[in-house]
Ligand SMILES: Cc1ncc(COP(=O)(O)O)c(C=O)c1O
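In structure tokens, one chain follows: the form predicted on its own.
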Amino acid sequence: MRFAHRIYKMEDKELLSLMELAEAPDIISFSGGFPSPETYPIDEIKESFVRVLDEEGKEALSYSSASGYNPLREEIAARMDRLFGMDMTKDEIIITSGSQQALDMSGMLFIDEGDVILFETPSYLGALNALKAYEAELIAVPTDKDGIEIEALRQSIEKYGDRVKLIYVIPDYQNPTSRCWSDKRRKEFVEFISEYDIPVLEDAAYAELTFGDTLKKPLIAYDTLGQVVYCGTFSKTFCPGLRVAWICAHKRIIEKFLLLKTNVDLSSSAIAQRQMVYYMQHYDYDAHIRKITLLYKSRRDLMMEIVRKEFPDTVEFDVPEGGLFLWLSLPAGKDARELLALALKENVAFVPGGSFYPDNAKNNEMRVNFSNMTEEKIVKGMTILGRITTEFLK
């Protein structure tokens, strides 16, 4: 049987086999990018669904508008205005079935075969795979602790010229490194990119998962030309199973996304959108986010304590100030895939860092999730991983 050749650009058989093994029930898995299931407000969600079905069941079980349920778009617009000082309307927002659909539709909208996508390195493998399916060339741009390096970005744009069709970034507590761009770098980036007619895809999945007191302004808040496409989601702050997310962008771009949405799946789940509105109007969503970030901060602290105690000094890391992940670097020349094979023998899993680079360009790093495992499993699993890492590096 002949398949479209794009499917072969998406294959990562080694990672797929490792992930299947890592998700086995007896594995202590630090591999997923998941929020903790114990944070899901199940009783409140149950009541929300019941009330929605009681009060507007026929509408909730029918098709929705392709752009999304208007009250939900209005809630999101008002929330972004309150959090980030953005004067926007529902007409600048479209609801998607998870942020992964937003990434996929962005590839459909902006990318032709042979185009170039620039992205910070390392970066989210789900986005790289989604965009790679549209037969673009993925070019990594060096990134420091403040964010993507502006001069390196300039050099890449000058090198590839009109082939550069999109820039993909995760400014807030990014997957996989938990790096968060500084305010200065955000302003510099938006000012710099305004010199070019290139759209920017801002993945904001982790934007509200800060362990500090204030949220960073998103890139779109600095954008005056309508270049930034902002992808937000309830998956990391509420629960991923509902698959409710959104795209925020200039109206001229939203109109194009709307054409794609109509053809991709007609509309997102009507009942899930209505449930989300009911929850936001009848419960304290901000308090819920504060609760989960306190939990994740405590788990981060516990994991950092064990890493400092059990891992050799040659393993480097930065303490994440938000998000879901710890990014560890082994000494140069060491392969985290080999370490994973050893860890799996003792029922512990993580994701090797090479998966977050095109063509596995760098293999001495590893992503460890601290949000999804209980404290007991964090202690047990990270202690085992520390011992194995020590032995491996000898």
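Numbers for residues come from their place in the sequence shown, where the first is 1. Not measured: the values here are computed from a predicted model.
The following text describes the form predicted in complex with the ligand, which does not appear among the structures shown.
Handout entry: 4.5 Å heavy atom contact, residue 95 to the ligand in the predicted bound form
Key = It does not: once the ligand is placed as it appears in the predicted bound form, residue 95 has no heavy atom within 4.5 Å of it.
Exercise for the section: Would you check, heavy atoms only and a 4.5 Å threshold, whether residue 229 touches the ligand in the predicted bound form? Expected result: Taking the distances in the predicted bound form, the answer for residue 229 is no, it never comes within 4.5 Å of the ligand.
Handout entry: the ligand contact at residue 207 in the predicted bound form, heavy atom, 4.5 Å
Key = No, residue 207 sits far enough from the ligand in the predicted bound form that none of its heavy atoms falls within 4.5 Å.
Handout entry: Residue contact check: residue 211 to the ligand in the predicted bound form, 4.5 Å heavy atom
Key = Although the ligand is absent here, residue 211 would stay clear of it in the predicted bound form, with no heavy atoms inside 4.5 Å.
Problem - Candidate stretches 296-304, 97-105, 216-224, 260-268 - the one whose heavy atoms come within 4.5 Å of the ligand in the predicted bound form - result: Result for this chain: 97-105.
Handout entry: Heavy atom within 4.5 Å of the ligand in the predicted bound form - residue from 129, 235, 121, 156
Key = Partner contact (heavy atom, 4.5 Å) among the options: 235.
Exercise for the section: Could you tell me which one of 181, 311, 189, 168 places a heavy atom within 4.5 Å of the ligand in the predicted bound form? Expected result: Of the candidates 181, 311, 189, 168, 168 is the one lying within 4.5 Å of the ligand in the predicted bound form.
Problem - Partner contacts for 33-56, taking the ligand in the predicted bound form and a 4.5 Å heavy atom cut-off - result: Only a single residue, 33, comes within 4.5 Å of the partner.
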